[in-house]
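Shown below, as structure tokens, is a lone chain in the form predicted on its own; questions about how it binds or moves come after it.
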């Protein structure tokens, strides 16, 4: 029997058919995606076998597959995975319905079935913020990644000045500090309710030790605003280009102020 979808998966499944149309046209999303992709290409070994968590409709997986990476995309939304498969089928990529909470059990099945360890893993645009407990994710990735391999995990930042400005200008001051909330916070998408957790740096690092070391953090969207600034910011391409240039220069120094933060972990030699 197929397990019922979790609330976040149901929400994203409900909007999957129009997800690319809605978010793909937004230039702020494209700018943040470019920053992440640049870091992925810089980090992952050429032609490596890469695992993606929360891959959605497969935009990033297809990007990597076009550059001769072997990508295994996972996502908890069946509709998202079907859309991803249409992008990956001619590129040698693979899509599978899998929630991030199930990565540890997937790792056991994958390796016991003769599957090989991965050369890297990544997760873009904060699907891990829909996971309240990151420990199974950390343990699963520890099993799945080769020693020295990188896990590139993009989560929401917890102090985003860009969001504070946007929410103030939109007349929603109560939303300014929502990322400071600890524990589960309410979220809504496609008229469906679910919860997110704004994980803190110390919590993330502690959870991934002792199997992973944090190599660096990069701010994704320090000046480039969050999608709440759309569609206005897409009508200001010169301003957005300047913001993107600033982010390239300040991503490491001001990582903690990003709309998203990319955590680059490397797999230690310690076994589970």
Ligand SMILES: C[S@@+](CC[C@H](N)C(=O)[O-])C[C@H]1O[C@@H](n2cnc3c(N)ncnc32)[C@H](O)[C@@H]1O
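Positions refer to the first chain, counted from 1. All figures in this text were calculated on a predicted structure; none of them were measured in a lab.
If you look for the form predicted together with the named molecule, you will not find it shown, but the lines that follow are about it.
**Q** Which of these stretches, 138-146, 93-101, 158-166, 107-115, has heavy atoms within 4.5 Å of the named molecule in the predicted complex?
**A** Result of the contact check: 93-101.
**Q** Within a 4.5 Å heavy atom cut-off, is residue 12 in contact with the named molecule in the predicted complex?
**A** Looking in the predicted complex, residue contacts with the named molecule include residue 12, since a heavy atom lies within 4.5 Å.
**Q** With the partner left out here, check for me: in the predicted complex, does some heavy atom of residue 219 sit within 4.5 Å of the named molecule?
**A** Contact check for residue 219: no, nothing within 4.5 Å of the named molecule in the predicted complex.
**Q** For residue 197, is any heavy atom within 4.5 Å of the named molecule in the predicted complex, or not?
**A** Contact with the named molecule, no.
**Q** Contact with the named molecule in the predicted complex for residue 130, defined as at least one heavy atom pair within 4.5 Å: yes or no?
**A** Within the cut-off, so yes.
**Q** Going through 23-54, which residues have a heavy atom within 4.5 Å of the named molecule in the predicted complex? Please give them in sequence order.
**A** The stretch 23-54, when checked against the named molecule in the predicted complex, contributes 33, 52, 54 at the 4.5 Å heavy-atom cut-off.
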